[in-house]
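In structure tokens, one chain follows: the form predicted on its own.
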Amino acid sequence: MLDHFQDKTVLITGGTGSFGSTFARLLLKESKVSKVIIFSRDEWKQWQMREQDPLFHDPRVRFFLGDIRDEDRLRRAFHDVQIVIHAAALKQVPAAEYNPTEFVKTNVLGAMNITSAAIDCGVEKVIALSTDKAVNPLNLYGATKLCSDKLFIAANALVGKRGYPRFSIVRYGNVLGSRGSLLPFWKELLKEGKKSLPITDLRMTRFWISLEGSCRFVGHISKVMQGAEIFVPKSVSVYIKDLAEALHPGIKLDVVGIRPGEKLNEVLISHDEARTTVESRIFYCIQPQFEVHGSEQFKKATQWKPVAADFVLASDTNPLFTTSIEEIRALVQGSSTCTL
């Protein structure tokens, strides 16, 4: 599956985060990658990552301090890099509502810096991670990710006759077990002996994908991407209340109310995006509305089929929506939702 990474240098922004460190492990264990560069701004997290897992003492690993707000530092880091996985972001919804300028600087201006540096340095491929909150955004975080996505898609038109870098997006929902997410928070409360768990609304639904599943999906997309597509994995969605039941049967739930910027249900593909969306066995692909890198020939050659004209991929109407506590428990326990 990861054979296309052979002899490649891969840089991961936000490399010390949950996704970045897991993706780096996957590359080091299952590919013949030439070099993995962990790009992040926190020296302490880099030290922890290196010391807590002997795998990161592998001679193929490099730790590079820097901030995606700094284009000059990115340009230095991207030297002789073939593939960039952009996972760095500020992402806490409530924090974005009260610190909007900081989210714009990282999520929007940072995206501009990455596209510019990648073009200047001749990177081959860039995959940027996105979120369901970028679709019809209600909160500032989602709005910054929508801007970021637009910047990466549009960057494909800036590369000229050279034809690269190619920029594509991977969009998915909540990641089970990622740092700062709901499950680790709940588990910590239970560890402290709490007899109930806070929940915002009993009607709330969300898309979920395992951490390993998200990493494997990005690895697969880095092979099939042509540029300017948005790839969405086929993943389950559940009621948040059922997630709590799967984690701790019979647990009492305290309804605390929806936080600023939150939705009851999330959307991964909107009705308007359905016009250019096709699907395979494991993902949906929102194709570019303009031709880049021979994308018209790519569209003609693909075996993926168009979705229905009225298609919408929402967490409450998702074809893979489940209320089975057994299935949800398997997901909570780490089963991948992405089979490749």
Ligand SMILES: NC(=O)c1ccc[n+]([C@@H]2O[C@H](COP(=O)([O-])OP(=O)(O)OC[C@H]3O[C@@H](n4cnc5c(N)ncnc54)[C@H](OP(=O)(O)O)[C@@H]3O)[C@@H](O)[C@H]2O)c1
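The structure presented is a predicted model; accordingly, all values stated were derived computationally and were not measured. Start at 1 with the first residue shown and count on from there.
Below, we turn to the form predicted together with this ligand, even though it does not appear here.
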{"query": "Contact at G14, G66 and S130 by this ligand in the predicted bound form, all three, heavy atom at most 4.5 Å", "finding": "yes"}
{"query": "Segment assignment from 311-319, 53-61, 39-47, 275-283: heavy atom within 4.5 Å of this ligand in the predicted bound form", "finding": "39-47"}
{"query": "4.5 Å heavy atom contact, R76 to this ligand in the predicted bound form", "finding": "no"}
{"query": "Proximity of K145 to this ligand in the predicted bound form, heavy atoms at 4.5 Å", "finding": "yes"}
{"query": "Partner contact for T106 in the predicted bound form: this ligand, 4.5 angstroms, heavy atom", "finding": "yes"}
{"query": "This ligand contact in the predicted bound form: Y141, any heavy atom under 4.5 Å", "finding": "yes"}
{"query": "Answer option from K194, R259, R203, R179, heavy atom within 4.5 Å of this ligand in the predicted bound form", "finding": "R179"}
{"query": "Option touching this ligand, based on a heavy atom within 4.5 Å in the predicted bound form, out of M225, A244, V159, A89", "finding": "A89"}
{"query": "Residues within 4.5 Å of this ligand in the predicted bound form, restricted to 173-194 and counted by heavy atom", "finding": "G173, N174, V175, S178, R179"}
